[in-house]
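We begin with a single chain expressed as structure tokens, specifically the form predicted on its own.
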Amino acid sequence: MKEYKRYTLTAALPYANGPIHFGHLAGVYIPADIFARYLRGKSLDIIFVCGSDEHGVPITIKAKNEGVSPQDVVDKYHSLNKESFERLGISFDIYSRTTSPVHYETATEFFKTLYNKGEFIEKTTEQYYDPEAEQFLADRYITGTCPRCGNENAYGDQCENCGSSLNATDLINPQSMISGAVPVLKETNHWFLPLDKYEAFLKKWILEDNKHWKPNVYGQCKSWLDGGLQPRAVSRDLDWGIPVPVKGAEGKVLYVWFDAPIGYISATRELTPDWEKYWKSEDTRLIHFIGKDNIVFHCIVFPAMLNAEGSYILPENVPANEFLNLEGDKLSTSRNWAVWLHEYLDEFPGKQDVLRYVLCANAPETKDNDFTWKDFQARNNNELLAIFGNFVNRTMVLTHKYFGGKVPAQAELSDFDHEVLEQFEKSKQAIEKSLDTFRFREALKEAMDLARLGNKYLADTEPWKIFKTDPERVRTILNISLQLTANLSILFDPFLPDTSSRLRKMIDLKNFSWADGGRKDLLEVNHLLNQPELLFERIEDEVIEAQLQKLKNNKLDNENKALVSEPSKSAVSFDDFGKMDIRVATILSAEKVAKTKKLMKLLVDTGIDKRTVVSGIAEFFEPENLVGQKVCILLNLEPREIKGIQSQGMILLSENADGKLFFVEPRPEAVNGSMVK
């Protein structure tokens, strides 16, 4: 690999329309921070930049829903997320924001440079327009049925059910999220970046020059390139964002995916007057840490922009992770199915490193992974506490007990002693190899395996049993254990910075660097240790149960909100309502309708007669469980033939947000035929 003088690391700019959740951390910020701390430990010239992405439709949707301004929204979540990152120990050199004056200036200059070079295509296209709200609709302001999977709540740019990228015009039965009106196509003028113009450059750069990228990144890029690139709009009809700096572009702003990645550059300009050497020197290695949903923008769109501008370097690597699920279900901000970082930090004080450990050990590096609270508990109790913490505590306590807290001298070494000492450097090299290739789970395992070896070493040598008969042997055992402890404080530093710092204070290790890892003599003989403290605490079952219950409550609250938020239908007169004959009835028999998934044939006793009703409930109920079920039935609904069966009435049901059906049940004492008024 080429030797670089400096490193520019970027972490995907999170939208400032909500808090940070565990999926964000596992996918982007923890691996990026591990790598940044590793490079700093090697005393390399590095900047680590991030910031809030404060433009785009999600911001305006949030503001509209909360009845506040977009600026109010981004101010709130920028502050919250910046503080949360700091509390977790994410070591950004700067955490900026795309509403900063420097960013406005940088993004505007970038657009003007490409515009003046003739890199954009200006053309008129048809886009959806809300005739009631009298405005053009961004993709995220349109919902409809996904043409690929049938999801009725797909957005105009993506279906969150099947993950397909969409155009708003692909949607079946599109609807405006602003007014609920059916949008119409209307002509509008925009500027486009002709990605097809850069296709040859991108194919060579990605498919030939960057075969070392992770398979998931390389594969997704290849798929896009094989499908052929098309011009992509870099402007939008919105009133929130950076104005397009062109005459005649009133009411138009830069598309957020043109504006946002320039935020890395503007953040660097804020950080240092020497910003250009981190973005324009071939001696700089640029690395983007992102999630898989951002691959196309960082590997195709942004590089095309940089290439068109002409003076910037391109990313040497883009180590994107897959998605993290939660308790077997896809993380979803809109459904509140998430664990929020700021809440975790409040509810688990002092356990920021436990979270870092668990999310790294279970990181979705090659495939989607699942976070569960039970696994969180097990990794804390069975690994951090029982292995790492146990080894350090026993080593420290025994040294204070037998040698007054001073590092004893080694005597004659056994084969086992040599084996343990040689492992220090081997572990360091293995960790480096894994970190250099962005295999963070593997690197963390190597570090924990060294702690595991220390635990085994103490368990096998049993110094507490032989001190009276062979104190010299105990001196050797504890010296080696202390040298191993010192190595752990260095090799775990990128992963568990708070724990490593506390451990170095306990052993009074100062002026360390990554280069010191692997040494067998980090602590001199007679070096005085400080008093031992517990590095980790046991997490009890009731703590985990409380978190699981919290998730259940969040899910229930979201379902209730979804039901309440369903808009009411048009008003009807009292006379019209009085025409409906709703009665109590009992199901006498039930059977599924052949060759259908949803239909159930029911025979019901209405108290007036016995009649057949066809109902779409077969996905939720078994026929044998329905006999004797009391229901409410709309009796005077006009008969209708369904699959060759005459249906005479409609069973009343309620529906949850997830589509599950429930009977509207009368009280047990209600008799068949009694009216519902």
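C-alpha atoms forming the largest set that superposes within 1.5 Å between two forms make up the rigid core. Position 1 is the first residue in the sequence shown; the rest follow in order. Predicted, not measured: the structure shown is a model, and the values here were computed from it.
The discussion below concerns the form predicted together with the RNA, not included here.
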Practice problem: Using heavy atoms only and a 4.5 Å cut-off, determine which of 596, 553, 79, 272 is in contact with the RNA in the predicted complex. | Solution: 596
Quiz item: Of 319, 263, 494, 389, which residue is found within 4.5 angstroms of the RNA in the predicted complex when only non-hydrogen atoms are counted?
Solution: 389
Quiz item: So which of 202-210, 420-428, 456-464, 189-197 is the stretch with heavy atoms within 4.5 Å of the RNA in the predicted complex?
Solution: 456-464
Practice problem: Flag residue 41 as yes or no: does it have a non-hydrogen atom within 4.5 angstroms of any non-hydrogen atom of the RNA in the predicted complex? | Solution: no
Exercise. Answer with yes or no whether residue 647 is in contact with the RNA in the predicted complex, where contact means some heavy atom within 4.5 Å.
Key: yes
Practice problem: Give a yes or no for residue 536: in the predicted complex, does one of its heavy atoms lie within 4.5 Å of a heavy atom belonging to the RNA? | Solution: yes
Quiz item: Quick one: does residue 47 come within 4.5 Å of the RNA in the predicted complex, counting heavy atoms only?
Solution: no
Quiz prompt | Stretch 616-653 - residues with a heavy atom within 4.5 Å of the RNA in the predicted complex | solution = 616, 637, 640, 642, 643, 647, 649, 650
Self-check item: Core superposition between this form and the one not shown, C-alpha change of residue 70 at least 2 Å
Solution: no
Quiz item: Superposing on the rigid core, do we see a C-alpha displacement of 2 Å or more at residue 580 between this form and the one not shown?
Solution: yes
Quiz item: Core aligned, does the CA of residue 600 move at least 2 Å between this form and the one not shown?
Solution: yes
